[in-house]
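Laid out below as structure tokens are two forms of one and the same protein chain, each shown alone and named structure 1 and structure 2.
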Structure 1
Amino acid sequence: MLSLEHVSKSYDTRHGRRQILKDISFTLARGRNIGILGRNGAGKSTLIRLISGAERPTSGRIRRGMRVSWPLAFAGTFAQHLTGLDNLKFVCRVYNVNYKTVLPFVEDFTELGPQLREPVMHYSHGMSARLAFALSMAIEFDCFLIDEAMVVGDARFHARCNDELFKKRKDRAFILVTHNAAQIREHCENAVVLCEGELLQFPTVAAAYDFYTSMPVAAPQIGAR
């Protein structure tokens, strides 16, 4: 069980304190999933970072009763001078996994071939994204955090990601945050809308979808994180 209890997050900016998330509470049981819809700057990525444990809430409490992933396909943790393989080894050491057991999967999924043993700085965006996604899949998690904004790549990559995540791991829990309502309707059994830092609950995915798609387009927010 993953639970958020009255979680708020503020940042100090040059224009004073800015509250990004206000009093957010929800729970997610093992094997279940939830989609969080929100426009740019609604606080989606901040929420994912808090749930992942990378950042701490200003107030409130997050309980992780299961193994929660880092934000999926996040390539930002790669050391550019190290090879893909070195980066794989690092992640495996941190999560206590023998890298040899996951290497075949990573080699197969990334299709990097000998490039896996080249420095990551020579990789294209697509190659980095494939490696990042493969690493997330190589470590066993009970709950995946998916920030759609972070997933880049072509149609084939997307199809393979969907296959790994939503078919092969359909017994796992996940939280999908996106501004794309169609995705939530396709993959999620529950949906909420994040609007100006507040979480709006809905009885069905369809209700959340209808609300979100009929929301007036807000003025662009400056300093979206």
Structure 2
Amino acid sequence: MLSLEHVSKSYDTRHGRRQILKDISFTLARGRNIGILGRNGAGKSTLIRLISGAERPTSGRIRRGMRVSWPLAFAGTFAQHLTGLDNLKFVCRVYNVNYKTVLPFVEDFTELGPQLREPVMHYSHGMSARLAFALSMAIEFDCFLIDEAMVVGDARFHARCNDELFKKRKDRAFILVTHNAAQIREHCENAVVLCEGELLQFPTVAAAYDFYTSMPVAAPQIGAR
């Protein structure tokens, strides 16, 4: 079980302190999923970083009763001076996985070829994202965090990602944050809307979809992502 209990997040900006997330609570059981809709700048990526543990909430508590992934395709924690292969080895040590068992999959999925043995600092954003996504699939997580803003690449790569995540791992839990309501309708059994820092609950995905599509477009909050 993953649970958020009265989680809030604020940042100091040049315009003063801004609260991005306000008293957010929800739970997610193993094998279930939820879609979080929100306009650009609503704080979706901030919420994902909090759930992953990359950042701490200003207040409230996050309980992780299952192994939760880092945000898919997020390469921000790679050691830039190490090669892709060395980063793979490091991640595998952290999660107590023999890197030799996952290396063939990562090599095939990333299609980096000899670049896998070059420093990550020389990778394009797309190359780093492919490596990060492949590592996310190679480690056995119970819950995947999917931030659509972090997934890059062409249509072929997107199709491969969807196949690995939504078909081969359909028994896993996941949280999908997006401003694309069609993705929520396609992949999620439950949906909520992040609006003005609050998480609005709805009885059905259709109800959340209808509310979201009727929302006026507002200016993004300063500091929110």
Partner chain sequence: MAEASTTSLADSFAIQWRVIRALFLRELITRFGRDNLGVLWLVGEPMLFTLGVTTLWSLAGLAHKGSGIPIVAFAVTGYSSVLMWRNSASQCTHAIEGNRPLLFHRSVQAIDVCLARIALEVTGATGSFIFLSSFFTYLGWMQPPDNIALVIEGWLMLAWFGASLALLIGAACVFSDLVHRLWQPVSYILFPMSGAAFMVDWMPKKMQGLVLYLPMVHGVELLRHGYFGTVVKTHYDLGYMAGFCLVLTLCAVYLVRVAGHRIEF
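Computed from a predicted model, the values in this text were never measured in an experiment. What we label the rigid core is the largest C-alpha set whose atoms superpose within 1.5 Å from one form to the other. The first residue in the sequence of structure 1 is number 1, and each one after it adds one.
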**Asked** Two forms of the same chain here; which is the form predicted alone?
**Response** 2
**Message:** Does residue 133 move appreciably between structure 1 and structure 2, meaning a CA displacement of 2 Å or more on the superposed rigid core?
**Reply:** no
**Message:** Does residue 124 shift between structure 1 and structure 2 by 2 angstroms or more at the C-alpha, the core having been superposed?
**Reply:** yes
